[in-house]
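To begin, one chain is listed below as structure tokens, in the form predicted on its own.
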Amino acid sequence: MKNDNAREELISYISEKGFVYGPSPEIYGGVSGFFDFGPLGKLLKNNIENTIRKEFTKFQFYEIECPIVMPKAVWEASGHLSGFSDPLVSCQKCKSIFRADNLISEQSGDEVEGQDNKNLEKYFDGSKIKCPTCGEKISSKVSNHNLMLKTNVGIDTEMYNRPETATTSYLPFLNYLRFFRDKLPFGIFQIGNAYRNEISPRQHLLRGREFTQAEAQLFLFEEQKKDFEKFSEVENLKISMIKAHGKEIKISLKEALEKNLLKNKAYAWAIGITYSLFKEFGFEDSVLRFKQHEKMAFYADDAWDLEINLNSFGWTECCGVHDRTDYDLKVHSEKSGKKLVAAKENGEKGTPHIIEIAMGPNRILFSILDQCYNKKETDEGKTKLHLPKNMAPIKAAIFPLMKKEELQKVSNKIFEDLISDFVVQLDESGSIGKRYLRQDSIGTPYCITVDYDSLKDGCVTVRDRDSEKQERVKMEDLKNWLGKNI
């Protein structure tokens, strides 16, 4: 369930502490859908993206990078120019413009995303849907608003910013095929920015006009989906799932296949590694679930979203797993005139299918902060941001007990020893208690204090953020100690 107070408190907090600022540019009034990542936000975002890289690479996906801007022909082939739109509605009094389905969901509680314009209009005819800006009742026709951002390259070449990274990932298929020695299946992934001309984004990082996407693409033939050997790696994972129009159940992926909840082993494997990735981000089982799309794209064989139960926005989609069949390679083959096919084991040529894992690091970042911020502790005057230790922007803070040269010298040496492996901070100002509170509030898991005993025994006091327990650790062992505990 959405909680407006929790959302506003969280957004204010993460701005104050240096995670996310905006809308940007603030000094010019800001434009909704654009944000600045502050020093801590950028470090956290880097940790998220590096975790994605680590996990996808572990599962043998190779990272690629493609241009952000592509010619008109690409988006005509993909269908984005003709069909990539949101339903728009406007207030006749103040002329404010809104995305119709979001406005209905916010005020009625009904989930209407994906419904056609005629069904959406029924909510405005004689309903109590009001304009969030001026409070007047909205009675408006629903029209389509294309989300593509157009630009010109050179003098007159019409091109568009990509609205997702996926399409650009498909276009070098023949080059991938050569790299992988004509053998399928193979996987690639891309992390980069995308752009959507959203009507009125009002969900902070969850709905931006410029945002980062991380999308993995598994290329394989249709017959390879059913006998996918890697499925054994994840078959015993138990996951909460809601089939379209069904009830939520907790079930192993092996059972999900046996009960036809999922259609094939390759797709179930993609669900499994996605779930494992979000566990690496530190999310608890209780806030994760997969929900099947009630209305799928015409080309999709199956589509499930991983949702996170946020304190601020309720259940929120943070990743999609889609079986896109052979649609993408076929349409680009037809439009470009290049045969995007591969040879099967029997020598026949065929168009590979694609299973996609698509997520937004910005949404993941907001979700991590949402889950780790505890308002109750703030009210008690001891805010702790309980970030997972592997996600924390700053891994440790080093405190000389006092601003004395001999203590500062040792503290500086520890900083220099650790900074090559960890992001650490040297904090010398204020009492030890105030420094603890300062680091707790930004999620730093460990504080290292250098005292006068350290000059004698070569040990420092390491304090754990969550338990507040303290441990004496030899300076020479600090790097290994932090590596083990983080």
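Just so it is clear, the structure is predicted and the values come from calculations on it, not from any experiment. Don't overthink the numbering: it's just position in the shown sequence, from 1.
The form predicted together with a further copy of the same chain is left out here; the points below concern that form.
The partner is absent here; in the model of the complex, the one residue of S82, N119, S108, S336 having a heavy atom within 4.5 Å of a further copy of the same chain is S336. Screening E113, D305, D302, E210 for any heavy atom within 4.5 Å of a further copy of the same chain in the model of the complex leaves a single hit, E210. Proximity of D427 to a further copy of the same chain in the model of the complex falls within the 4.5 Å heavy atom cutoff. The closest non-hydrogen atom of G314 lies beyond 4.5 Å of a further copy of the same chain in the model of the complex. Interface membership of R463, defined by any non-hydrogen atom within 4.5 Å of a further copy of the same chain in the model of the complex, is ruled out. Proximity of P132 to a further copy of the same chain in the model of the complex falls outside the 4.5 Å heavy atom cutoff. Stretch 328 to 336 is the answer when you ask which of 214 to 222, 350 to 358, 328 to 336, 266 to 274 has residues with heavy atoms within 4.5 Å of a further copy of the same chain in the model of the complex. Residues R181, N193, Y195, N197, I199, R209, E210, T212 of 181 to 218 are found to place at least one heavy atom within 4.5 Å of a further copy of the same chain in the model of the complex.
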